[in-house]
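Take a look at this single chain, the form predicted on its own, given in structure tokens.
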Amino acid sequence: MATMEVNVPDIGDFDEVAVIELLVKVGDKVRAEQSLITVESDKASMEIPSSHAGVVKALQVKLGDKVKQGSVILLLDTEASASEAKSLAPAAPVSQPAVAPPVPAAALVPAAAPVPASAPVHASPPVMAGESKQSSGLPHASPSVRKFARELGVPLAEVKGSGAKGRISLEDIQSFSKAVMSGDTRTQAQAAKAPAGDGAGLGLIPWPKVDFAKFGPIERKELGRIQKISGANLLRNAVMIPAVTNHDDADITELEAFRVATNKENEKSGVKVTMLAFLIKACVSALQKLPQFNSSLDGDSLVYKQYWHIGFAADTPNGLMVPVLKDADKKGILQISAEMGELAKKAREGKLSPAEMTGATFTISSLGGIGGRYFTPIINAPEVAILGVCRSTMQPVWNGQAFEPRLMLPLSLTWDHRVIDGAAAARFNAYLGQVLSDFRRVML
């Protein structure tokens, strides 16, 4: 057997990140692509995988250490036997959504059509027994919780986490802050005992505790890692953003005919054009016309972005992910379709990089051809709006003289009322509908 170093791969735009979990110990056998450690910055958390299969000889990092690209994680005795190598074949990895990316409501992207490729995450990584935040002195909390604590001025070291392994939740931060403001030490103790997600931190009555088994057979399954991480972001966004949703329909009869014809003409290219590609281009045009939709709140200021990066929700076997198509304003429909296909493929294989899941200025959540009419997507903070799209249907539409069948696409635009008013939202949907009904308007 040969001894080799396993290093931290490209982790995107982060100079240094903290080690918050050790997922293996000396003597463990690991597979290629199996997670070794979890690292976290103020914006993202991700698991770092092993580049090779083998046996852990020595750990070179400990909890709380700062690492960067190229840092040595551990020494690995690689397996030379072909049979052993086969037994250590990598399982299907799962990419860790970082950001809080907050994630929008569940959505799907057509199969043909969501951070470094070197940072996949094993679906069920082994966790070392006995590790806790007390053992390292490093508070155990997600990036979104850390940011929330900073905004409220709450010292994480003084907050007792109510989650697994002492993990600090948003409710823990809220309960601590409320207790300090009221000066009630009894409230602080109660807050420390409050289960995560029970609503106690919001001043609500406790979440009901029910023994479901007494009513009939049950099966209990733990939430996936992606669901656990995205849940905190979804809760924060749903509670803290005064969101309003406008519903409308767009006539895409001619556009769909053009899309079908385009795919026939480009069969040999291997690039399949989906309606989502046209939606992305149409949304860019609307964002340029109404720039407040391409902005973000920063304290008492509004940041207007001079770039147009569009996130699109992709359903994968391991959970919802949101890859980001960068500089959509500079790309044509065919290029957008090709890049979406590549990003969606990476999402399904768990190979998205942090850079490929961050930086969106606007998100589209599409239910594709599954069904439904309208829904209320949750805004992906720090964005200020998100577009939900459902399956198009043929409907009778009055043309002034008679009813005629038209293909109508349901649109659901959710927007932050702190930044956008109802008139602007109505204009956005109206303009988007005009562009989709006559795509030549994109050139105007």
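Here the structure is a predicted model, which means the values were calculated and not measured. Note that residue numbering follows the sequence shown and begins at 1.
We do not show the form predicted together with a small molecule, though everything after this point is about it.
The candidate site formed by 284, 310 and 357 is entirely out of contact with the small molecule in the model of the complex, as no residue has a non-hydrogen atom within 4.5 angstroms of it. Although the partner is absent from this view, residue 57 stays clear of the small molecule in the model of the complex, with no non-hydrogen atom inside 4.5 angstroms.
Among heavy atoms of residue 409, some come within 4.5 Å of the small molecule in the model of the complex. Remark: residue 168 does not count among the residues lining the small molecule in the model of the complex, judged by a heavy atom distance of 4.5 Å or less. Contact annotation: residue 51 falls outside 4.5 Å of the small molecule in the model of the complex, judged by heavy atom distances. Partner proximity in the model of the complex, defined as non-hydrogen atoms within 4.5 angstroms of the small molecule, places exactly one of 292 to 300, 268 to 276, 68 to 76, 239 to 247 at the interface: 268 to 276. Residue-level contacts in the model of the complex: of 62, 391, 29, 417, one residue has a heavy atom within 4.5 Å of the small molecule, and it is 391. Screening 142, 233, 366, 361 for any heavy atom within 4.5 Å of the small molecule in the model of the complex leaves a single hit, 366.
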